[in-house]
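Listed next as structure tokens is one chain, alone, in the form predicted on its own.
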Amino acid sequence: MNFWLNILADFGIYVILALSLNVICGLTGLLQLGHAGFFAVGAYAAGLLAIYSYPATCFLGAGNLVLGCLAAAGAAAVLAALIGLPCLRLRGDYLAIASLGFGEIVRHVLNNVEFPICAFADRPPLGLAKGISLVSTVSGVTYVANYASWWVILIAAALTYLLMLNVKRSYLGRAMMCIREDEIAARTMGVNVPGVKMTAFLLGAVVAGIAGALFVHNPYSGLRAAPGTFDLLKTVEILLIVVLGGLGSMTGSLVAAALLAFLPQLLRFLPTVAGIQLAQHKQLLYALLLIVLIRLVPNGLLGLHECPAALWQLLRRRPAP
């Protein structure tokens, strides 16, 4: 039972991360390769708050999760503001390289900084330990509180989807898409391009930080909140979900996140082919899937729309007079 609950929790976190990156890459057209850095900052902010504030806040119970989400969102927002002000002046490949450098800096800092009363303080690469329902110390190891049950994560994913969908349909979302299509034309139309870019950057970073707080409080995940969890491959995995679902499509991110969350588990039931277990080569299958989908549907599964393109055309078709 816990196995499938773990899959549902991972699906919810994938959805939140993909939606947050979709605002930056899909709607605004900014290639950001350091998204795992905000995910890591949120996870560590929430985890360290749970460790350092206990037992002062132990009476709050699940309120620690709320405080952790607020701390994660605040830490991610501050870092996004510091990084975004200089980096958002760049364009195209230069922005991608700068954001990639930011993500690697965050990972290396977390890989070397020793927190005094943190779990595995003498071995920072091991990160924050997880595994029990309350903050306590067992055999000298400090554990992080686990309050983000699978249904809490799924509710957070649903709320994030509704938020991003409303952002897309608002004036701010239309301004983002205008910048994506033609930045010069957007300036001509009176769009505050730097302000809209910074807003998109901050919104994506804050939501990614909240995803990190949910990750570190997730009791079903066997992964530890360690620096190695938030490497470049994590950003590529999130970007893959956004591209597969369709750049700018929030519903597409849901579909692609479900595909990448459940597909590896379905591969476990496939027979061994030529002595090779397919489940052990999921990265290769991801690459093949990406090549096939780019060839067949270059705009992603849903394109920019919130429903399949064929259905969209059918709904827009008007009867002949």
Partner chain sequence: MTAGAPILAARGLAKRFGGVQALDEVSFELLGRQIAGLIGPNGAGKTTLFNLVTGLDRPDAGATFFHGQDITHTPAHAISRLGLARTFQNVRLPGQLTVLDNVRVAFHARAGYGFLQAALHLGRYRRRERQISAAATALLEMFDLHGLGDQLAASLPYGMRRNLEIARALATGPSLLLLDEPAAGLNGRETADLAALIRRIRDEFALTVLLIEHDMKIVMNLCERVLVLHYGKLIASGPPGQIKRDPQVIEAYLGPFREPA
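Here the structure is a predicted model, which is why all the values come from computation and not from measurement. Residue numbers count along the first chain shown, from 1.
Omitted here: the form predicted together with the partner chain. The next part is about that form.
Per the 4.5 Å heavy atom criterion, the partner chain in the predicted complex is contacted by stretch 165-173, the sole one of 238-246, 165-173, 94-102, 74-82. Of the residues given (Val109, Leu90, Ala158, Met177), Met177 alone sits with a heavy atom within 4.5 Å of the partner chain in the predicted complex. Residue contact with the partner chain in the predicted complex: Gly190 places a heavy atom within 4.5 Å of it.
Heavy atoms of Leu304 reach within 4.5 Å of the partner chain in the predicted complex, making it an interface residue.
At least one heavy atom of Asp182 is located within 4.5 Å of the partner chain in the predicted complex. In the predicted complex, the partner chain stays beyond 4.5 Å of every heavy atom belonging to Ala226.
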